[in-house]
Ligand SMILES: Cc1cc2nc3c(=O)[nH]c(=O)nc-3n(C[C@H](O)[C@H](O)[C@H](O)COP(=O)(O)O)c2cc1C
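What follows is one chain in structure tokens, specifically the form predicted on its own.
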Amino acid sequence: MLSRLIYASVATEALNPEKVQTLLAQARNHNERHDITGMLIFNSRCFLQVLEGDREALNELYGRLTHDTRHRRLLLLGFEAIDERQFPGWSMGFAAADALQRTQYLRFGATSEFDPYRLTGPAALGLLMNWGRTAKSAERVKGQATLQKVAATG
């Protein structure tokens, strides 16, 4: 059964960009092997993550996450059966939460600060989906710029 899991947590230590890249590489590798897709938002302190896949695979992964010492205060924001994936092309999309996204936080949350603990499950999904669309648009623009550059030099 296809399901969606959304959770928030807090990093137990400061994560520099290299550590975040390592974490993402591990997650992507695991998720590709288990047909799990999703997205992660991180602001150097808090994680907000959505995962989509087989219910048993998500249950097993969440069990592992509860014992992962890289984060604490896991808060389950949602777990539900779904008809289709919202992040089908990503083994793990990523967005860095920053102050420039204040309007997004206000749109989906109670404050202008990124605080996943103040989000409902539907609001968290809305924020993740919105950032996913933004990231896909950025990738598309980057890809078009690359194609234009190749065409100009080719």
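Please read these numbers as outputs of a predicted model, since none were measured by experiment. Residue numbers run from 1 along the displayed sequence.
From this point on, the text means the form predicted together with the named molecule, which you will not see here.
Proximity to the named molecule in the predicted bound form, defined as a heavy atom within 4.5 Å, holds among Ala123, Ala96, Leu65, Met129 only for Leu65. Of the heavy atoms in Asn43, none are within 4.5 Å of the named molecule in the predicted bound form. Though the partner is left out of this view, Asn31 does reach within 4.5 Å of the named molecule in the predicted bound form, counting heavy atoms only. The closest non-hydrogen atom of Arg107 lies beyond 4.5 Å of the named molecule in the predicted bound form.
Looking at Phe47, you'd find a heavy atom of it within 4.5 angstroms of the named molecule in the predicted bound form.
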